[in-house]
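The chain that follows stands alone, in the form predicted on its own, written as structure tokens.
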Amino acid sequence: MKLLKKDLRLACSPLTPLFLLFACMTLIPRYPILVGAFFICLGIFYSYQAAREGGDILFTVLLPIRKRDAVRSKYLFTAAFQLIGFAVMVILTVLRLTVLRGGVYADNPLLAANFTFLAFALLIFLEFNVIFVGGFFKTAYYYGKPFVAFAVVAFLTVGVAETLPHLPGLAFLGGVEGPELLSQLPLLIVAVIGYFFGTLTACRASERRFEKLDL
């Protein structure tokens, strides 16, 4: 927890909490709102960039800690901001499904704010943790290629999420009615479990790689 506090106070770019506002894209009508998850990850990316430029990783491992603790702290830092952004998305999704239902949201050709949207948002967060954070800790220095790889996969994920509800038999994935939401619930449950176990697995793999890395 002390390392996490250090990351929040010393290694956190001002853009990281600012980019949490992109969670509010959930309220934009007739827009690919899943892009908001990508921008939240982009905000976290700026903290890794600042950490690299400021020598934060080297400073951290010089402290009386295990090298793997430095990796674990970064994953906790990343997950904390992702889950804050996700919580905002959940709240705004509930608003769209209840109080704001209808009106400008009534006729939406794109993916609606529903359980499918939330499930794919978690998938994008997991992709960031595996592809970018995992790629960053292969060297603890280079971050360009891992982020480009993540961006490509993330936008492909957005494309898949927008396409699925238009395929035969999958229209329920884009629905906002009670029975449709109930059908989407297993997908969200799988996404929640996958996010936590996938992030934990990625963290442990990064710990092993980082311990063998000569800084």
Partner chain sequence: MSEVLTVRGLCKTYPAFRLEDVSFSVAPGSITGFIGRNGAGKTTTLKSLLNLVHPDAGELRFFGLDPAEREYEIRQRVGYAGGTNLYYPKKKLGEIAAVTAGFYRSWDAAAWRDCLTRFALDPDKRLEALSEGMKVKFNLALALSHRAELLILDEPTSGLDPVSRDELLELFLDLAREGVSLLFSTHIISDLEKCADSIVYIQNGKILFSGALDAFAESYLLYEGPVTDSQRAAARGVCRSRKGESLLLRRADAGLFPAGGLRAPGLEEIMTHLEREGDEK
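Numbering follows the first chain given and starts at 1. Keep in mind the model is a prediction, meaning the values are calculated, not measured.
Another form exists, predicted in complex with the partner chain; not displayed. Remarks below refer to it.
Within 4.5 Å of the partner chain in the predicted bound form, a heavy atom is found for not a single one of 104, 107 and 176.
The stretch that touches the partner chain in the predicted bound form, counting heavy atoms within 4.5 Å, is 64-72, out of 179-187, 33-41, 64-72, 152-160.
At the 4.5 Å threshold, heavy atoms of residue 10 reach the partner chain in the predicted bound form. Residue contact check for residue 60: one or more of its heavy atoms lie within 4.5 Å of the partner chain in the predicted bound form.
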